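In the form predicted alone, a lone chain appears below as structure tokens.
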């Protein structure tokens, strides 16, 4: 690992040069909203303490992805080519989310080749936060807001320059040739926070001892929490019939909060009620992904809390669940 200094006065020049060889995606403010977007001019990039409205997950897991195309003659067209991409300005909570998504999509029995291919062709450049935002609880999820090594390069604001810590050959290749000064920024160690927000309980207890109907009383089931979450990854396939019998198959984002998400062809729906669907969402994040991949699929970014139109708060819900189970466990 090495650290170099990138003077802020040279940053736009460097990024414009990078943009000649890569698709550059970074936080850009549009009509007052900070969000990740394909960069047209490096000068429009905003690297700040603010967190983007959405995470950059759609650049690895697109909202709509063309998987394949086939015809009545049996022709098959493979999926589209993926450009070499630089994802710049990713906050530590979102880098944690990419780590979780990578475990889900690139390990185990089933590999998502589309996600794996995009990840392979993407250089991740992180950016530290200097303070927590409203509704953030990353510290309770052991995400260090100031540093993440789950990337190729990590930037820390040092006033008139960025300290760029390089963690991979991809990161080194990105910055080679810019004649930047190597500095001694000191080895930093991630501080493990106390008070980890987890659910350590049996599934049966979570099904039977929690009043999910009360917890979900005000939920509208709109699904914004799932679309805006950096780790949610539900999807469905759609076949679109074109002229002359050709069919294109798409993979599209879906939401476990929608009534038809688990509707079987038989007409049976195992999660017919809103409370069943919300229970599944919480348990998927705090129980099932951990059982299957070793991670809790919530990074404490707070986006679902800030965006919910009726104030649903997963942080409060998980704390309440733990309080209920602890109290009942003592009796």
Partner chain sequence: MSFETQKNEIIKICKKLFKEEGTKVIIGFAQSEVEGITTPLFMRTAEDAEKLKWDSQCTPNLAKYLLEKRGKVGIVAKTCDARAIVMYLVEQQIKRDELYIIGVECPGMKNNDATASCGCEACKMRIPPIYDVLVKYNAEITLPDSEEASNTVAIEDNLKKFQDEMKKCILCYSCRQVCYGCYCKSCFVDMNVPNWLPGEISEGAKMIFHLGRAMHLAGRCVECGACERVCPSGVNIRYLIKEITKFTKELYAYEAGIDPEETPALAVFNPNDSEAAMSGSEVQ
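Keep in mind the model is a prediction, meaning the values are calculated, not measured. Numbering follows the first chain given and starts at 1.
We do not show the form predicted together with the partner chain, though everything after this point is about it.
With the partner left out here, check for me: in the model of the complex, does some heavy atom of residue 134 sit within 4.5 Å of the partner chain?
Although the partner chain is absent here, residue 134 would touch it in the model of the complex, with heavy atoms inside 4.5 Å.
Contact with the partner chain in the model of the complex for residue 202, defined as at least one heavy atom pair within 4.5 Å: yes or no?
Residue 202: no, not in contact with the partner chain in the model of the complex.
Give a yes/no on whether residue 12 approaches the partner chain to within 4.5 Å in the model of the complex, heavy atoms considered.
Residue 12: no contact with the partner chain in the model of the complex.
So in the model of the complex, does residue 40 come within 4.5 Å of the partner chain, heavy atom to heavy atom?
Although the partner chain is absent here, residue 40 would stay clear of it in the model of the complex, with no heavy atoms inside 4.5 Å.
By the heavy atom within 4.5 Å rule, which residue out of 271, 29, 54, 290 makes contact with the partner chain in the model of the complex?
Selected option: 54.
So the partner chain isn't shown here. In the model of the complex, which residue out of 108, 177, 75, 221 has a non-hydrogen atom within 4.5 Å of it?
Of the listed residues, the single hit is 221.
Tell me, please, which stretch of 278-286, 291-299, 41-49, 57-65 lies within 4.5 angstroms of the partner chain in the model of the complex when heavy atoms are compared?
It is 57-65 that comes within 4.5 Å of the partner.
Thinking of 23, 36 and 83 as one candidate spot, does the partner chain come within 4.5 Å of a heavy atom in every one of them in the model of the complex?
Zero of three within 4.5 Å in the model of the complex.
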